[in-house]
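Coming up is one lone chain in structure tokens, specifically the form predicted on its own.
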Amino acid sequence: MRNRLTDLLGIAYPIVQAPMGWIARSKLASAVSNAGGMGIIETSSGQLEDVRAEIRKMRELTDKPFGVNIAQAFVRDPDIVSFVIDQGVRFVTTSAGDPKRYCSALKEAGLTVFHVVPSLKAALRALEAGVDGLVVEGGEGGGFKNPREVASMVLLPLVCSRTDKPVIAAGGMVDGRSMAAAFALGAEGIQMGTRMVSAQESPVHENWKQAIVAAEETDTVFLNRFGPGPALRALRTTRTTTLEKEPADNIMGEFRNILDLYFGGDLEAAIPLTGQVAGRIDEIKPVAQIITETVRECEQILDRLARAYPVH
């Protein structure tokens, strides 16, 4: 499946794994890269020494391209650009901050830079900064969000109508159907988050994976819309249902025990960031199977549509 994105990133399939904090490390990211997609190593945990070690592991686990995300709101190291450049990666996504902050320095070092955007205004600012492409993130995705969320069905074609740069669709991306829809709306690739959280190679506890499999399409909540701090989408639990009705004074304080959730399996210990596509995931699968099935289904749908609606 070749297009501008695969050529630009040197990958077989235009599928990117989302940079989830603590989760997007070598075990998961190498599985994505080895399957032909773009594995991404996170920095949002803020644990840069651990991240450096994970990048070393990546080079042992895969000889395929992979990238690093700079989550600006969560990385306090002023030398983060030098850190990323020194790791020898060629692809970077920046997020949760001003795209102008790091773009020039990264591009001067020869890296390909995409910025994650939740709105047209943010997209135009990123394009002005000189990014090579965009990750356009709809509000149905899990994780930290724009408090005025816009669904991918609206946001993606809006942004694509204003740029000829390659676009990666995020939020609601889970399989070949959503990939084909993203292509129809103007994207040239997709980013998967929740689908990869629930993958066999994901390092999170089985309890979280099984909760995603059991979830219905209505089993996420949108929290902290009115701040202070970021808004976010998470799996519905007793804790998050309470927070939906009674917002926390400091939403980030709810992540104090996040590792007890991620790796201890206590879903009430913190906030399990999860997208609405949890309602479409009914099985834990290996990454390679997820990517292969996604690409095959996408190609089948595009072929069927071309035959059903021929151009006259």
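The first residue of the shown sequence is 1; numbering continues from there. Computed from a predicted model, the values in this text were never measured in an experiment.
What follows is about the form predicted in complex with a further copy of the same chain, which we do not show.
**Q** Among 104-112, 155-163, 198-206, 88-96, which stretch has residues with heavy atoms no more than 4.5 Å from a further copy of the same chain in the model of the complex?
**A** Result of the contact check: 155-163.
**Q** a further copy of the same chain isn't shown here, but in the model of the complex which of Lys285, Lys64, Arg280, Arg52 has a heavy atom within 4.5 Å of it?
**A** Looking at the other structure, the residue within range turns out to be Arg280.
**Q** Between the options Ile168, Ala234, Val116, Val150, which residue brings a heavy atom to within 4.5 Å of a further copy of the same chain in the model of the complex?
**A** Contact with a further copy of the same chain in the model of the complex is made by Val150 alone.
**Q** Is Gly172 close to a further copy of the same chain in the model of the complex, meaning a heavy atom pair under 4.5 Å apart or at it?
**A** Gly172: yes, in contact with a further copy of the same chain in the model of the complex.
**Q** Might Phe183 be said to contact a further copy of the same chain in the model of the complex, defining contact as any heavy atom within 4.5 Å?
**A** It does: once a further copy of the same chain is placed as it appears in the model of the complex, Phe183 has a heavy atom within 4.5 Å of it.
**Q** Does Ser178 reach a further copy of the same chain in the model of the complex, with heavy atoms at most 4.5 Å apart?
**A** Although a further copy of the same chain is absent here, Ser178 would touch it in the model of the complex, with heavy atoms inside 4.5 Å.
**Q** Considering only heavy atoms, tell me if Asp303 and a further copy of the same chain come within 4.5 Å of each other in the model of the complex.
**A** So Asp303 counts as contacting a further copy of the same chain.
**Q** Which of the residues spanning 1-19 lie within 4.5 Å of a further copy of the same chain in the model of the complex, based on heavy atoms?
**A** In sequence order, Met1, Arg2, Asn3 come within 4.5 Å of the partner.
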